[in-house]
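So this first bit is one chain, no partners, the form predicted on its own, shown in structure tokens.
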Amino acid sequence: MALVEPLEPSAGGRRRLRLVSPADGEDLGEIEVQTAADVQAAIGRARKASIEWGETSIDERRRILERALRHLVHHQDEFLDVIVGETGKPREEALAMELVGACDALQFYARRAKAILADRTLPLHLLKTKRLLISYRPLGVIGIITPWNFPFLLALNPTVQALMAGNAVLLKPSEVTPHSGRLVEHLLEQAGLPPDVFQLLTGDGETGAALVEGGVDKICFTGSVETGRKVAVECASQLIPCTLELGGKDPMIVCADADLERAAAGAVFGAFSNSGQVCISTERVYVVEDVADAFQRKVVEKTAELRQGEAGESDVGAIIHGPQIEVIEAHVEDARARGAQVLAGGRRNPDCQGLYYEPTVLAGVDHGMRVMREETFGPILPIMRVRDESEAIQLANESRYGLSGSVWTRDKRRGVAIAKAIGAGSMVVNDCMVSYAVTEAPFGGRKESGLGQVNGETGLRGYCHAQSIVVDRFGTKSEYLWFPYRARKGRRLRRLLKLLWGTPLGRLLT
């Protein structure tokens, strides 16, 4: 089933794409692919709008976000209808993961941006006659390119941060889920955001490339490693910053002293939530041999209880993007061929009309299999037995990815120590998939999982230039280091250098 189908060009010559629901094949309408000329025109409008918007007070920006929050809460079912129809997610899952996160982002940055972005005065350790002021200035125009797995939340969250920092925003959502991007546009319109401060760009890779190449002041990209590399290269050529939130192959380490009931439940949720289409989903498990049988048995039991389907209550939804199910199937078949055992699932769900792959548990896996090395992005849980926690750490770090992961142990202090030993941007102890949900926490990957960080103070300030302003405190007629240079001045400086950096007293003073 193709979820995005090309159509005949529009009267204006733009390419058109028809959208199909992954859950039941229903026609979801069409979009036009905006061209490079369209993108350039939008950037021009945004550039003009950004000047006035950057001069608005944080309080005025806050009031707009608060109005958006109220509208979202009062019209949540209308938003859910679009998200569920476009993605095939269970309705309760879309509510919990898309709308709850969106509401939290709106309120968090509305309430805290003023303090986070306030001018800061810092004491100086050496130049006591000066005062240092750090002022967070908006960058200007921000290009945001978002994926299809959380099409509303991952579009709204960076948009909110960029707007609160005083920037204009151009959002290019995935062509697979453009209607969820339109929800962001609708929400901000209803909140009274001035024209052209936010603009939606619909289209595919052509439109995204035009945005990256178009001359904005920063790109925030969430998507594949391959595309992320291209974005990074283009941003580097323009000398503009970018944040890249890319793929993951997140490990789960189950220690010998873990609470196996909680760990098994966490493994099932971490692997199968959003049908495994989460960059921080649990994609490989390393369980210590002493508890492997009991852990594996509990995982299989809990997986058997999951419900999947198009109608009624369900736990595991559809595969949102058609080609992704082929990747999932390829990984499972490769594992089978190399000796892995399928303990649950292992096929498309024959009882479902749309793109549904059964929650799948694999045992007997190793690093020779694609499912343990490459991002699957589907409802697959491979479990590998290890000798001890040291081997688990070694194997967890044998990956080109480094986004997130989890450690499960009753000894929380030891859990933190193991977490620090993993080369990942974030880690969780005795839970999973909360790294992005903790709004205060900076989130970003290492290795091929990304560049830069989003969320929290770090993310919000990332949409600004931290401008340093040094102010003279006393206004004397001249400074000692100004002209003219004299030999006696040099002698005094040498004595001062020796005092400050060559004696115990000096080291105390500096």
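Keep in mind that this is a model prediction, so the values were computed, not measured. Residues carry their position along the shown sequence, with the first being 1.
The next section is about a form of this same protein that is not shown, the form predicted in complex with nicotinamide-adenine-dinucleotide.
Candidate site formed by 253, 300 and 364: none of these residues places a non-hydrogen atom within 4.5 angstroms of nicotinamide-adenine-dinucleotide in the predicted complex. Contact annotation: residue 215 falls outside 4.5 Å of nicotinamide-adenine-dinucleotide in the predicted complex, judged by heavy atom distances. In the predicted complex, none of the heavy atoms of residue 346 sits within 4.5 Å of a heavy atom of nicotinamide-adenine-dinucleotide. At least one heavy atom of residue 279 is located within 4.5 Å of nicotinamide-adenine-dinucleotide in the predicted complex. In the predicted complex, nicotinamide-adenine-dinucleotide sits within 4.5 Å of a heavy atom belonging to residue 146.
Distance criterion of 4.5 Å from any heavy atom to nicotinamide-adenine-dinucleotide in the predicted complex singles out 205 from the list 368, 423, 205, 194. Of the residues 403, 407, 318, 285, just one reaches nicotinamide-adenine-dinucleotide in the predicted complex with a heavy atom at 4.5 Å or closer; this is 403. You can rule out all but one of 310-318, 205-213, 384-392, 122-130: in the predicted complex, only 205-213 has residues with a heavy atom within 4.5 Å of nicotinamide-adenine-dinucleotide. Residues 223, 224, 227, 230, 231, 245, 246, 247, 248 of 223-251 are found to place at least one heavy atom within 4.5 Å of nicotinamide-adenine-dinucleotide in the predicted complex.
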